[in-house]
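The structure tokens that follow cover one protein chain in two forms, given apart as structure 1 and structure 2.
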Structure 1
Amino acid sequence: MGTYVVRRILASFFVIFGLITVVFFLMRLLPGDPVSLMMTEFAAAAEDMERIREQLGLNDPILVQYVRYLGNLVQGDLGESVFTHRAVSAQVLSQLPATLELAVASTLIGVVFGVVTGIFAAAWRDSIFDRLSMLVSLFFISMPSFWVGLLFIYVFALHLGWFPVAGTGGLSHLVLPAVALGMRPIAVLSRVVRTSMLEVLRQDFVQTARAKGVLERRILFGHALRNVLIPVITLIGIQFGYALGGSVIIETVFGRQGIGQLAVGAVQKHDYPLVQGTVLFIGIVFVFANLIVDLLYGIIDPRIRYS
């Protein structure tokens, strides 16, 4: 088990390193640079803009910039924002709690409602509930999260007035974006759980339990559900990553603070250090979440052994 954990941690470092490298070079392929965007409104002279580029090191060869960035990163220095001149780590850490709150809330909503819907759809196979739930799940799998968010704003905020339209605050500000981001996990998990439950319910040990007079709810939630948890846990890790990525869109739609909003603004301004910092933090959280998911396999299913 210990060897497996070490291997997974090392693999995680390589994943994050690859992510950092790809983002670094992709940002420099975009037309323009932060100095041009920053100085356009001031009608700065070309000489002044060139001097600022030199100060920021943007005139150096791209490989020199890359090696310098990695060297600073090893020392824990993520650099400063080109526009705000604040430390990137401070800006990201100030916005990270709001994004994690949204991602965790949407994942919990997806897991709870997705698993419950899938269980009852399997238990009541071919019923109206089963057919309707699968139809609704197909609808939300097909719809992008920003469209669902806009639909929720129109219905529950503008038309019914139950929730605020936008902003970051208490629970009332969290409900709509979390549910909008959680609809796709609900749809995916409900379909996976239903399929897995139907397969498990046909197994011999379930038929034996029924022959012994075991209550159906105990069969569903005690015997069958445990055998369904492995694919569910796998999807939880994937859906948490989807929630982190989807927060970029949802935070923009609902005007929420968070890393998503920070990243969108940084990309628009070509703020290289800030973009790289937001991607790094999101990558670390996602990799860490998937590492926990992998370790849970051995706890839930004793048949799994790590060498």
Structure 2
Amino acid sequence: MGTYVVRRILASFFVIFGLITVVFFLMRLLPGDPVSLMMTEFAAAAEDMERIREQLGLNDPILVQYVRYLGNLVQGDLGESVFTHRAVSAQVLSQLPATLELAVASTLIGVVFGVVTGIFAAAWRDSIFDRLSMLVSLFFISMPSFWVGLLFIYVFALHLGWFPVAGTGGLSHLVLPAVALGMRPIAVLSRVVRTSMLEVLRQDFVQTARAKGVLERRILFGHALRNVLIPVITLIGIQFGYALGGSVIIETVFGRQGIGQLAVGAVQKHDYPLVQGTVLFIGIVFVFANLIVDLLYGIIDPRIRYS
């Protein structure tokens, strides 16, 4: 287990380094001069643009910029926002908890409802519940999350008044966005759990258990569920990433604080360092989430540690 953990952690750092490098070069080498894009709205004078370019260090050779960027990064310096002049790292860190809260909550909702639905769909195969839940789940996957969010606001906030329309705060502010973002994980997980469950239920040990007269309930939740855990955990990692990406849209819909909303604002305003910082940070959070998933694998399934 020790070497497995070390290997995984090293691999994660390698990916993070790659992420830093790729984001850096993508943002510099892609066509479109960031400063002139940023300034279109103000019709800025040429010397102003030159000054900002100088300030951002965009006139230096790209490798010099890269090394300087890495150097600053090691010291936790992600640059400062072009408009507010606030440190990017401080902004990102202050917005991170809200996004994590949302991503974790929606993933949790997805896991709980998805797994339960999947189990019963498999147990009552071809029943009305099975068919209906699979069709509904396909619809869940097809709905745009921002639209679901707006419908939720319309019904549960504007009409019924059960939840606040927008903003960040306690649990009441979290429910609607988390459920809107959780619809898709529910659907994906229920479908996958159903398929894997059906596969497991056909195996010999399940037949044996049935022959021995073990209660169906125990077979489902004891014997079979344990074997379904592996695909579920893989999906948790993937769906967490989806939630992080989805936060970009959902936070805007609900006027919530968070990195996603910060990133959207940065792209809209062409705030160069802020875009780079937010993208990088969300990427790093995702890498860590996957690291945790990998480590969980190792704990649950010893076979993986040695491959």
Partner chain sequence: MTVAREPQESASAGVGRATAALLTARPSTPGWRRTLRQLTRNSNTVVGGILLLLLIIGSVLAAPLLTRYDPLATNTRARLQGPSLEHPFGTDDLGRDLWSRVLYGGRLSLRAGFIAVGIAIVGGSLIGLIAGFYGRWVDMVLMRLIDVLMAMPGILLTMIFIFSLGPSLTNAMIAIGLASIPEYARIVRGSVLSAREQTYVEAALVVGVPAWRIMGRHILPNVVAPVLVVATIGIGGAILSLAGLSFLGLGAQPPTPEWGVIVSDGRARLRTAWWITTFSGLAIAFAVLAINLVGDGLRDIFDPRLRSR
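Heads up, when I say rigid core I mean the largest set of C-alphas that superpose within 1.5 Å between the two forms. Because the structure is predicted, anything quoted here is derived from the model rather than measured. By convention here, residues take numbers in order along the sequence of structure 1, the first being 1.
Asker: Structure 1 or structure 2: which matches the form predicted alone?
Answerer: Pick structure 1 here.
Asker: Splitting the motion between structures 1 and 2 into two rigid parts, would you put G246 and A123 together?
Answerer: They share a rigid part.
Asker: With the larger rigid part held fixed, what angle does the smaller part turn through between structures 1 and 2, rounded to the nearest degree?
Answerer: Comparing the two forms, the minor rigid body swings through 17 degrees.
Asker: Taking the rigid core as fixed, quantify in angstrom how much the C-alpha of A11 shifts between structures 1 and 2.
Answerer: Core-aligned C-alpha shift comes out at 3.9 Å.
Asker: Rigid core superposed, I'd like the Cα shift of V23 between structures 1 and 2 in Å.
Answerer: Reported C-alpha shift between structures 1 and 2: 4.1 Å at V23.
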